[in-house]
Every structure is written in C-alpha cells, then in structure tokens.
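Read the single chain below, which is given as structure tokens and is the form predicted alone.
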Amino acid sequence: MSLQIIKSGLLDTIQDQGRYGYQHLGINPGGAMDRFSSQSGNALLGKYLNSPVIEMHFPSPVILFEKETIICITGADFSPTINNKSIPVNQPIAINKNTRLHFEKKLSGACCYLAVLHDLDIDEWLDSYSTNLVAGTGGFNGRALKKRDVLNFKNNFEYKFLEEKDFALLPWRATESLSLKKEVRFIKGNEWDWLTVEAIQKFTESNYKVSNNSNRMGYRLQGNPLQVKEDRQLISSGVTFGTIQLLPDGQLIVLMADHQTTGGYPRIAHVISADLPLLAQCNAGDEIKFVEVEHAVAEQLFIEQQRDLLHMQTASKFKMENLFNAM
C-alpha cells in the first residue's frame, strides 16, 4: 500500500504550492520551485492542483512502487524508466506493483515532479504539506527523503487493466512545458529608481549567468555589476518568490521558493509569476536575459497560465473517470 525510496537522490522533498499567511511570523511560504510543473502533474491525473508531489533534482531517487497506481512525471526530463523501460514525461502512466522508477540522465531542466493518483499519507503543517527544511516540519518528517523511507497511500482504490504488464501509457498528455527561451520577464521593483541610467541599461541589455552558488533559497547571478546613484540604507522590507535584489558588490540574487521573509538589499525588480517556472528550471551555468513588461501584462500571462491548468485538470478528470467506469 505504498512506495519506498530504494536509493535517495540529491534533494527529494514533498512539496505543494506553499503555506501562506505566516510571513509576519517569519515563516516563509516555501513550496515547489516550478509551481506550474508541479500543478500540471496533478492536472493530468485529474487531481486537486495543489496536491503534494515529490520534487526531485538530479541525481534522482530510485523508487519502488509496492502497489499499483497511476503516476505522472513533469518538469525536467531526467530520462525516467520503469523497470529499465523508458517512459515519457507529461503523460499519465499506470504502473504495476513491484515496479521501480529510475532516472537515467539529465536531458533538460533542473527539477522534476512525481505526482501520484493515490494520496500520500504525509504531514500537514499550517495548511500545507510542503517540507520546511529549516523548521524540520511538513512533508515527510520535515526532511528530505532518504533510503528506506516508506510513503503510504491513504486511499485504496484498484484497477485491473494492467494484467502482467509493468506499465501502460494512458491516452492523453500535455505538450512539452519547458521553454528553450531564456528570456525572463520582470516588473520594476520598489528601489528600481536607485539604479543609475547606465545600470538600468546593463540590466536590460546584458546576459546573466546562474552561479554555482544557487539553491532553493536564491539564484545568484553573475554579470556586469550594477551601480546605484548614491549609497543609501534600506530598512528590511518584505520580499517574495521572484524578488531580484541588488547585492553590495553590484551582483544580483533572485529569491526562490525557500526565500527569507524580509530583506535589506534593494529590490530592483520582480520576476513575473508566469516566468518563475522557467527560472526554476535553469541550471548553474545557464544564461538568462531580463525583459521588462507592464504589470497588467504580467497579470494576464499568469491568468492565462492558470486557465490552461484548469482546462487540463477538467479534461483529465473526465478521462480518468471514464477509464475507471470502463473497468
């Protein structure tokens, strides 16, 4: 009635869309790095979009499914296999019991997501299942998954169409979600006007490289240093996922899913919500270019992205119900 971690990966954690309403207490929202991909896996299974998933990086885990279920892998393509047979991403897959999920090599992206049709029996904290590694709570015992960890399934529905096969691809899928474009759109931040004219030109015309010193808290960027008009101090103020801060050495950091709740560095810009998934899928060494958009455009792009997810969820839920009704 469960799945078991046979071999742990680099950083495998339970994530959903995060916990909100507690930043004033110093508790950051956390949640999935690529929220679109984590939601699309659930959408393709016809599940609630915010259902918890397993976020994985490469090297990724080896997972034994002790009971048959239906899964969907989204986000980065790490060449997934079931019992050494290749399976696609962005497509629901029925898998038999006693089968192993393995990831052979990184082809694209930085983080991938495993959504499971069965609900996982995991810990909820402050209205979210996301793992908070600092507080040591949420998800699975508040930590990354390790070898021999067992995640039990809450529900016990079964299906009988696999027979002796290891897996079967279900007849619907999503188009490739990862963009090859490295243009990240932004809106101006509160301290945008602190930048010199030359700094603004550098920011919008230069390419920035994602540094090796990047993680779930923030992506440090390497590029032309930016200057401010005068040396000024900023009282620590609220920050969020996607806030672009200017560091004392003129370099930039983009705050990511596990960002702090406040910061004292100038907030020169904010990555728009619709492009956070693109940024989350960048690896160290990847180059990005910032492109400014108006606030109304950013809102519309996010609305369209969420609408597409809801359409996918509705269609997949209907197909899943027909599948089970036909058994």
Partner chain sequence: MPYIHKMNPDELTISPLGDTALIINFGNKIDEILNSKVLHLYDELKKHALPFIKDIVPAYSSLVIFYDLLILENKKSVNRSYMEIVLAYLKKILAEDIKISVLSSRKIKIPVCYSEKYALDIKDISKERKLSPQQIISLHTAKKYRVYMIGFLPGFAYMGEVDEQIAMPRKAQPRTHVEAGSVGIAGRQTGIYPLDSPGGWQIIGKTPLKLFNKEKDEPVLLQPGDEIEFYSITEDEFTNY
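None of the values given here were measured: they were computed from a predicted structure. Numbering follows the first chain given and starts at 1.
The same protein also has a form predicted in complex with the partner chain, omitted here; what follows describes it.
Residue contact check for H57: none of its heavy atoms lie within 4.5 Å of the partner chain in the predicted complex. Although the partner is absent here, V228 lies well away from the partner chain in the predicted complex, with no heavy atom inside 4.5 Å. Using a 4.5 angstroms threshold between heavy atoms, R267 counts as touching the partner chain in the predicted complex.
When the partner chain is considered in the predicted complex, D286 lies well away from it, no heavy atom lying within 4.5 Å. The contact with the partner chain in the predicted complex, taken as any heavy atom within 4.5 Å, belongs to T137 out of T137, T81, N90, T99. Shown here without its partner, the chain carries K106, S108 and L170, none of which come within 4.5 Å of the partner chain in the predicted complex through any heavy atom. Contact annotation: the partner chain lies within 4.5 Å of heavy atoms from the stretch 187-195 in the predicted complex, the single such stretch among 205-213, 147-155, 187-195, 109-117. Of the residues in 239-254, those that come within 4.5 Å of the partner chain in the predicted complex through at least one heavy atom are, in sequence order, V239, T240.
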